[in-house]
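The chain that follows stands alone, in the form predicted alone, written as structure tokens.
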């Protein structure tokens, strides 16, 4: 029997949480070291899986199947392919660095790290699940701890933000659950599979009729659209970013939002290629609102976290554009953008959290010249900002380039006159707006005359440097040498696009 590497990745944070449960509350340092060790195990195993994945074979690898409820065809079934494995690696990197970004946590440390580790176990579970029941179960496990993490350890209207986030995401998960039940019942009919199963690949093999595809893909589009977040279902997200403690913000923007994009691809496009073609124009239209609206609102913000929060809404619009374009290059770019954006925003929030812990404010107007007092933090923020605006040499550029080229190649007209290429051009203009607000934030916060008010601030040092070094290194590694990441993603996307192209040619909603 081969070593169950994916199960170990999921269970490492759970075991870490159980160990912390028995550590006395006063032993802060031991609790943090335990969390660091648990997340390092997941990171090390994720890197090993990434490096040993056999591209020549492709498909699902490192698989494991255990029957759970035979009567309903529910199995604990895990595996990863070229689309899901990079997101497992992303999750491992973000949670490992998030633990070190929370090293200054002193309020109810025990409960905080238990909640954090349970949350990330749910995220890992979503990305490795091959069974739709467990996919949804892990999805819920990933959402619920967010309420506690924000409501207890957050700031800035934390109770309101926690409740709003939880209610929005539960409404979204309700739409997804209806879709999952519909798929299960449809596939179980004698004229289709004739057996009860939640196996994702068995369900994807069913030839769903066009009306059913349109209906259930719409449910998934709304359900997972809440989590992406897709305009106008996005309003929970910036509030959640701002109120959450540092590590939770890193996981929220870096990983949790990616569950929506991944779910839309894995459960939406994979099951219903004709339904995806039908609704793609609407997704494309809404995602441009994401891009432009998110960037414009980010430009008006006065709080550093709100800037990054609305920036995330904007950047996830690129992911939706890549998915809506439904070709190999664009979906390659969408998955790569999920990875790149996750690393970039985790770096942003780690740095803002470092500043807030020491200055007790995030208001841009109160700073100025912080690069004098905090040169390492300033350097990390500039690199994250340059990644955000798509500078060549950083990971985001590669992803956005693939999305733009893939979307620009789509021959589709909306409303009889609005060409898909117009939407691609508008999305590219979003990069220009991003450059404006990123450079303004960098200028007003870190450069200009030195503000003596902040002379007491200390630069990042010791464990505070772990998130900066790891996240900046990842942005540079896959920016300068993207082949390992893009090659793996492409390996997983090609079979999906072949299925899309094989689907009957149907018209879009317009």
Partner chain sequence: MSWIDYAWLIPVFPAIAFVLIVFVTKKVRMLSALTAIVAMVLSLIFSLGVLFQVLGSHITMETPVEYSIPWLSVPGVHITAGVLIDPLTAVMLAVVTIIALLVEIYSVGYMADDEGFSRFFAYLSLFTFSMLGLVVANNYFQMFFFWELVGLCSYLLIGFYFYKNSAADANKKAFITNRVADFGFMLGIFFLWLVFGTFNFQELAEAIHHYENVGFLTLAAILVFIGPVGKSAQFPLHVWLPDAMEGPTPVSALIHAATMVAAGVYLLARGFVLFHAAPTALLVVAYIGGFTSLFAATIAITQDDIKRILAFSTLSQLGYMVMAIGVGSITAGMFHLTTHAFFKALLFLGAGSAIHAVHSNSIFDMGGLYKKMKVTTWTFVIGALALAGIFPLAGFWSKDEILLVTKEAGFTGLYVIGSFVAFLTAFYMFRLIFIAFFGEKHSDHHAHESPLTMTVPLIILAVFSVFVGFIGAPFVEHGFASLIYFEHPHHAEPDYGLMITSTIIALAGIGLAWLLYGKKAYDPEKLKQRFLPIWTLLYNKYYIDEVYQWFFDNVVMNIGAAFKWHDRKVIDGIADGFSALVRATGARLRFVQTGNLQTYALVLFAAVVIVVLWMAVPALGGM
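Residue numbers count along the first chain shown, from 1. Note that the structure is a prediction, hence the values are computed from the model and not measured.
The discussion below concerns the form predicted together with its partner chain, not included here.
Within this chain, residue 200 is remote from the site of its partner chain in the predicted complex, having no heavy atom within 4.5 Å. Of the heavy atoms in residue 71, none are within 4.5 Å of its partner chain in the predicted complex.
Although the partner is absent from this view, residue 302 contacts its partner chain in the predicted complex, with a non-hydrogen atom inside 4.5 angstroms. Put simply, residue 449 is close to its partner chain in the predicted complex: some heavy atom of it is within 4.5 Å.
No residue of the trio 7, 15 and 179 has any heavy atom within 4.5 Å of its partner chain in the predicted complex. Out of the listed residues 186, 215, 76, 401, 401 is the one that sits within 4.5 Å of its partner chain in the predicted complex by at least one heavy atom. Among the residues 405, 193, 174, 144, the one placing a heavy atom within 4.5 Å of its partner chain in the predicted complex is 405. Comment: 324-332 is the region of 243-251, 278-286, 324-332, 261-269 lying near its partner chain in the predicted complex, near meaning a non-hydrogen atom within 4.5 Å. Of the residues in 437-452, those that come within 4.5 Å of its partner chain in the predicted complex through at least one heavy atom are, in sequence order, 439, 440, 442, 443, 444, 446, 447, 448, 449.
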